[in-house]
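As structure tokens, one chain now follows by itself in the form predicted alone.
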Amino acid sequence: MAPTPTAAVLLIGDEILSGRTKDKNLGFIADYLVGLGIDLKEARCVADDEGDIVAAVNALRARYTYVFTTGGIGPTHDDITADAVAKAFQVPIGHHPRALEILLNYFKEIGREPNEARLRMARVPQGATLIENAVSKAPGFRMENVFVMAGVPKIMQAMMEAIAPGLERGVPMQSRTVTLLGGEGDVAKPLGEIQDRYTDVFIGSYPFEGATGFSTNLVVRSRVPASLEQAETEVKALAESMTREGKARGWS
């Protein structure tokens, strides 16, 4: 099996760290990448600080197949992502001819002044290629393995759709969930033993409070269907056994 492509997400913006804006992009990107067979390995959130963005971009692009950034490519003074990415790659930044054409045509169409601030959205690092924006036209851009996208969820999602056809893909991870009517501490040892038997399966336990008290979702994931089925069978048997024991002890 070929190596699975990996990815990181870099969320950029003071508004996220302050709590003013509730991020919706990370979950969408994570779900999207699962469908493409790309493993999301890391997510970071940094402020609108050029040095912090540069450091994060350089660290992540060296480690993963792809880096997806969101935020900081709008028309205002705190939209500094494009400049930071240019600095990370040590290249100049300027107005991209095609991006200028797109924006000028769009502003003419909607009757909006193409002022200096709005045309900042046409600035991209030298050597970058544009990412289409079917929602509000202002493009994102790709610099080597770094994809720079808008922070507005609807626009970011449109950009992901534009990016997807060109991404290297892996075998999608399949997932099954088994619900245990009991706490994860009740199954920690036998669950670990099942995990040890299946090296190509990933098993996680996620507790929640159910109608009868603490319960646990046991999630079994794998790219190997036969291993997934076998491990799921064992996890189901474990959950059923623990439920029977619990009822015998007087669980409702």
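All of these numbers come straight from a predicted model, not from anything done at the bench. The first residue of the sequence shown is number 1, and the count goes up from there.
Omitted here: the form predicted together with another copy of the chain. The next part is about that form.
*Asks:* Go through 224, 54, 36, 26 and name the one with a heavy atom inside 4.5 Å of another copy of the chain in the model of the complex.
*Replies:* If I apply the 4.5 Å criterion carefully, the residue I get is 26.
*Asks:* Run the contact test on 5, 171 and 229 with a 4.5 Å heavy atom cut-off to another copy of the chain in the model of the complex and return yes or no.
*Replies:* No, because 5, 171 and 229 lack any heavy atom that approaches another copy of the chain to within 4.5 Å in the model of the complex.
*Asks:* Pick from 159 to 167, 140 to 148, 68 to 76, 86 to 94: which stretch has non-hydrogen atoms within 4.5 Å of another copy of the chain in the model of the complex?
*Replies:* Stretch 68 to 76 is the one.
*Asks:* Considering non-hydrogen atoms and a 4.5 Å limit, does another copy of the chain approach residue 16 in the model of the complex?
*Replies:* Output for residue 16 is yes: heavy atoms within 4.5 Å of another copy of the chain.
*Asks:* Since only the chain is shown here, I'm wondering whether residue 102 would be in contact with another copy of the chain in the model of the complex (any heavy atom pair within 4.5 Å).
*Replies:* Answer no; every heavy atom of residue 102 is more than 4.5 Å from another copy of the chain in the model of the complex.
*Asks:* Any chance residue 58 has a heavy atom within 4.5 Å of another copy of the chain in the model of the complex?
*Replies:* The answer is no: residue 58 has no heavy atom within 4.5 Å of another copy of the chain.
*Asks:* Taking the shortest heavy atom distance, is residue 122 within 4.5 Å of another copy of the chain in the model of the complex?
*Replies:* The answer is no: residue 122 has no heavy atom within 4.5 Å of another copy of the chain.
*Asks:* Could you run down 18 to 43 and flag each residue that has a heavy atom within 4.5 Å of another copy of the chain in the model of the complex?
*Replies:* Residues within 4.5 Å: 18, 19, 20, 22, 26, 27, 30, 31, 34, 40, 41, 42, 43.
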